[in-house]
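Taking the form predicted on its own, here's one chain by itself in structure tokens.
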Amino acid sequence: MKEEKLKIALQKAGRLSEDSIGLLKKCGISFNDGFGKLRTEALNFPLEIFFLRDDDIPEYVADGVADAGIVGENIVAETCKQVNTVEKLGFGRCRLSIAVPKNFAYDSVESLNGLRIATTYPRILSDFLRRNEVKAEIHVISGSVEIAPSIGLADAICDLVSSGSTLLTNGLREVETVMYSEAVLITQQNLGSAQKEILEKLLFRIRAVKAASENKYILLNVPNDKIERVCQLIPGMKSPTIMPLAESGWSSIHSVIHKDDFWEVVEKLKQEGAQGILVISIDQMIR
């Protein structure tokens, strides 16, 4: 009897490709992702992997050729295919923004009236302009959007922005954020029961990897009279682990700390007399 598999589509090259492959491998899934491969099967998990253009992923999933896919929210919104977004993945974060030349006198969204705006996201941009009652001409181009104003093709652009350095290099500045985006896991709307079961197993692993990426494991030595205060600073998932040291009056405390709180909390721990603070990355974290 043929083994049931979940068919998942990943970006074959580009912004999300490396992180998508890395996520599956952090989930303990082994597969060959050699250069030029368009399809492969996992060696230790019921997963069949397609490597596609990012624009094609929502369509393949909506049509049932693939059961699931990892793609940017911006692509899901632009293609407008009937798919389910089941998990935000926490990588590939960016924003779709409108930018104008640095010397352009921009006061508000009304300043866009009458302009020519170049973009590869006409559907999203059109919706934004309509919501804001702006009448502008949309020029659809497939790449190098940021050079459009400098060559006279457009007055402004609407494109993905991460750090903003590309805009600066091309003499542009952000003036409006149209939407925020990150990588998401999407599925077709009519998954079979076997595929749903595999998907739940995959989501369990993905969520463990996501939780691990957001937290650090911390070990430190503290005077016993400071234990209560330190435990308040690093409560952990349930409560910290406390172990006595060979040196009288001292204990070792082990806990988990969110990465966003790390430096602020470490400063407070030092103030409470903590010593020998070790911070360790976590591979998976199962709550």
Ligand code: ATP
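Numbers for residues come from their place in the sequence shown, where the first is 1. It should be emphasised that the depicted structure is a prediction, and the values quoted were computed from it without experimental measurement.
There is another form of the same protein, the form predicted together with the ligand; it is not shown, and what comes next is about it.
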May I ask you to state whether G276 is within 4.5 Å of the ligand in the predicted bound form, using heavy atom distances? no
Although the partner isn't part of this model, could you tell me whether R116 comes within 4.5 Å of the ligand in the predicted bound form, counting any heavy atom of the residue? no
Please tell me whether any heavy atom belonging to R53 falls inside 4.5 Å of a heavy atom of the ligand, as the geometry stands in the predicted bound form. yes
Does the 4.5 Å heavy atom contact test between Y121 and the ligand in the predicted bound form come out positive? yes
Would you say all of A13, N74 and S162 touch the ligand in the predicted bound form, counting a heavy atom within 4.5 Å as a touch? yes
Just to confirm the contact call: exactly one of 127-135, 150-158, 192-200, 89-97 touches the ligand in the predicted bound form at a 4.5 Å heavy atom cutoff, so which is it? 89-97
The single option of T79, S181, S111, S213 touching the ligand in the predicted bound form, heavy atom within 4.5 Å: S181
